[in-house]
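The chain below stands alone and is given in structure tokens; this is the form predicted alone.
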Amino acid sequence: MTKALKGVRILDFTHVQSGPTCTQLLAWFGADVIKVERPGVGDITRGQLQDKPNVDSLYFTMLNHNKRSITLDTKNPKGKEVLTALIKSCDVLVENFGPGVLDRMGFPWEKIHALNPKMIVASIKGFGPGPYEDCKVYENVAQCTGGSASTTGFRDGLPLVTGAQIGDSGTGLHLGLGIVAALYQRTMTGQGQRVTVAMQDGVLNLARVKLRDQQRLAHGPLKEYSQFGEGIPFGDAVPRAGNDSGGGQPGRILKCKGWETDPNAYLYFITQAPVWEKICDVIGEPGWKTHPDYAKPPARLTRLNEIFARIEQWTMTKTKFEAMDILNKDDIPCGPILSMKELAEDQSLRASGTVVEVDHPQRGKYLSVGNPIKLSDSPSEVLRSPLLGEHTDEILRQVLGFSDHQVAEIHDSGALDPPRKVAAE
């Protein structure tokens, strides 16, 4: 079947995580993604967190599926010629360089637009315009400056960053949507445009419910937060609320059978109002259904610690999977805390393509995530990541139409290959 983005060619100047997340998603949808890498070095993550010597790391392989790799020294005159040709033949250029790097390479937006008026230039930056726009940003910095860390953790503890890469991968997903929107608009205007996503902005978008609560706080305490029921006053900013639910329905992480030895023997339990009476029956408190202290949601807000302690007495008699089976029969919202080991071994995730096994010529077989977005008419296929410069000559010949003589000239110029080491006399 035809892929959704078949025929779209992406010039991928991204590295590490945020940009490669975006371009990998586009590649999964069928775009031809040409990853430009430094000769002899490549994307820095090829060598980061290596678990096997002299083999591309999982960090790199899991972010660069379905792409082609070309090595190119953009400071070399011949390298600039190749880059110019690539700009003319591609639809989108994606980059997550530091501020001003593309300009210093000699390819500002104005020049790119002149070379190819249809090209979309998509960029990930740390911050948008303002006092910090020239600052370099990494995952945890984005989480801290985007409002996530200040609202994550327990009230009496440090701010915490989350294990989910909402700064890098989250911003990459935002950029992917922006690129697809710009491609669609181009079908009507015929013109490319710039697409920019700041990591701070992306994190704030994902933390929007906390911005909601900041405004609610101006009109009174946040009653669904545990500290309200504990009689602890609120300050002038949204506090950390542990594992309280952010959706208005009180929720907690509760111990399950085996918690003493299993760090993941827990269940997230939400006391949703429409199923409150069913909750009372399951945990053996039928009297709570009519008792004035428990029957209505407002009355329960000051007693959440007591209520969840009683629910936990019940969950501790069940494994997290037993509890989920029982609760789901009554539509009581809950979810087991699944470890990465459990997710890796989940056969339903394998069957749906959410977790895939990939074969790499140097690494062998490994697990990776597949495309989380499923299209009924164009299912995604996950192909291995490219070796450094694996497709250089293929791209020069097939994409740019260079002759064998031209390819040889470019190689001789040193624009494609790592600098040769000169032996000492």
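Small disclaimer: the values here were computed from a predicted structure and weren't measured. Note that residue numbering begins at 1 and tracks the sequence as displayed.
One more form of this protein should be noted, the form predicted in complex with a small molecule, which is absent from this view; the next part is about it.
Novice: In the predicted complex, which of the listed residues (I124, A323, V121, L254) lies with a heavy atom within 4.5 Å of the small molecule?
Specialist: Among I124, A323, V121, L254, a heavy atom within 4.5 Å of the small molecule in the predicted complex occurs only for I124.
Novice: Work out which of F107, F97, F308, Y268 lies within 4.5 Å of the small molecule in the predicted complex, going by heavy atoms.
Specialist: By the 4.5 Å heavy-atom cutoff, the listed residue in contact is F97.
Novice: On the criterion of a non-hydrogen atom at 4.5 angstroms or closer, are S18, L72 and V137 all touching the small molecule in the predicted complex?
Specialist: Per the other structure, all of S18, L72 and V137 touch the small molecule.
Novice: Would you check, heavy atoms only and a 4.5 Å threshold, whether E37 touches the small molecule in the predicted complex?
Specialist: Residue-level check for E37: yes, a contact with the small molecule.
Novice: Evaluate A299 for contact with the small molecule in the predicted complex, applying a 4.5 angstroms cut-off between non-hydrogen atoms, and reply yes or no.
Specialist: Residue-level check for A299: no, no contact with the small molecule.
Novice: Spell out, yes or no, whether the shortest heavy atom distance between V101 and the small molecule in the predicted complex is within 4.5 Å.
Specialist: So V101 counts as contacting the small molecule.
Novice: With the small molecule left out here, work out from 124 to 132, 152 to 160, 208 to 216, 345 to 353 which stretch has heavy atoms within 4.5 Å of it in the predicted complex.
Specialist: Partner-contacting stretch among the options: 124 to 132.
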